[in-house]
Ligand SMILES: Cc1cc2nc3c(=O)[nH]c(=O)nc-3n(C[C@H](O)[C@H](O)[C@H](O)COP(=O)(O)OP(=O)(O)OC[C@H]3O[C@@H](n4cnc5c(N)ncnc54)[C@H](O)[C@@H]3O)c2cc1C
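Read the single chain below, which is given as structure tokens and is the form predicted on its own.
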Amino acid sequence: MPVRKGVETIDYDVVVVGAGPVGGFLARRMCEGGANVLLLEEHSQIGRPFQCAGLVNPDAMRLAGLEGTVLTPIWGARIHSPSGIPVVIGNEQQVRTWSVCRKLFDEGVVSQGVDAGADLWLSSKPESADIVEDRVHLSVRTPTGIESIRCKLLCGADGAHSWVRRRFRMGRPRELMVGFQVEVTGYKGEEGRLDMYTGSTISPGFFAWAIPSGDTTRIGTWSKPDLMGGDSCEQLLDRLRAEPNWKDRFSGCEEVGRFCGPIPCGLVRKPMSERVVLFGDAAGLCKPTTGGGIGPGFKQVELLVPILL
């Protein structure tokens, strides 16, 4: 797209890169604190592509108030050893996490940010960013051309491969795993419980899962490349479904979707620098063993926004 010459620089207090749930919640809180906020999203719609198990913990749900996006309340789990012996935990009276429709949840959170006053630009992403005196100067590619933006604070909520993090050389998450997930009908699970499967042949060093999500189930596995012995996550998932101890649960499954993505874990070396802050997956702030990154990301926003404002 050509540069639109003669257009003046647009000023904002805060620019948030990445309109996922953490970016949307951050924009909302910044606006509620009186800041003028621009929210940038490189994709043409919110909530796509989908690269998550779709779990939202109770604290994050209370902050978002989006119970209408819940597909299944999850109050327990069955944790299966490699030999097939299960450990069953949970109490029906205490919901541990919510399985949500991520598209609706993300749209809801971002809409709250827009309702609070944030500007949202879709199909838009920064191409350059530099700190000049007391401002961050950005060049943003949009569907209509290049826009020049200036802000007091730049926030990267742009995921595991964060552009903001790379641009300002803020380090990398201590670990970066890879996960592969399919969404299926016909899984033989138990209402209100997710299944966790362990074993070096199906998820070396970690675990696989089957998470109820309304009329479907999300089945996935993850590991680190150096533990996988040259196998792919898809091969690990095939082994999970063929394992004699539980293959009958998968016998009637039909895929309706598949997703693959990186899973960061461990804070980056510099989550904050001069006029630049990383949030959520971009900062490596994820707890994949206890419900993912939305809950920790929301908590980070609640802790930092009053200070940043």
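A quick note: this is a predicted structure, and the numbers were derived from the prediction, not measured. Throughout, we count residues from 1 along the sequence that is shown.
If you look for the form predicted together with the ligand, you will not find it shown, but the lines that follow are about it.
Stretch in contact, per heavy atom within 4.5 angstroms of the ligand in the model of the complex, of 230-238, 159-167, 142-150, 78-86: Going by heavy atoms within 4.5 Å, the stretch is 159-167.
Partner proximity in the model of the complex: Y187 to the ligand, non-hydrogen atom cutoff 4.5 Å: It does not: once the ligand is placed as it appears in the model of the complex, Y187 has no heavy atom within 4.5 Å of it.
R102, heavy atom within 4.5 angstroms of the ligand in the model of the complex: Contact with the ligand, yes.
Contact test in the model of the complex: I263 vs the ligand, heavy atoms, 4.5 Å: Close contact exists here: in the model of the complex, I263 approaches the ligand to within 4.5 Å, heavy atoms only.
Touches the ligand in the model of the complex: D59 (any heavy atom, 4.5 Å): No, D59 sits far enough from the ligand in the model of the complex that none of its heavy atoms falls within 4.5 Å.
One residue of R258, H43, K270, K247 in contact with the ligand, assessed in the model of the complex (non-hydrogen atom, 4.5 angstroms): Among R258, H43, K270, K247, a heavy atom within 4.5 Å of the ligand in the model of the complex occurs only for H43.
Heavy atom within 4.5 Å of the ligand in the model of the complex - the one residue of G179, P212, G113, P173 that qualifies: Selected residue: G179.
Partner contacts for 117-145, taking the ligand in the model of the complex and a 4.5 Å heavy atom cut-off: In sequence order, S124, K125, P126 come within 4.5 Å of the partner.
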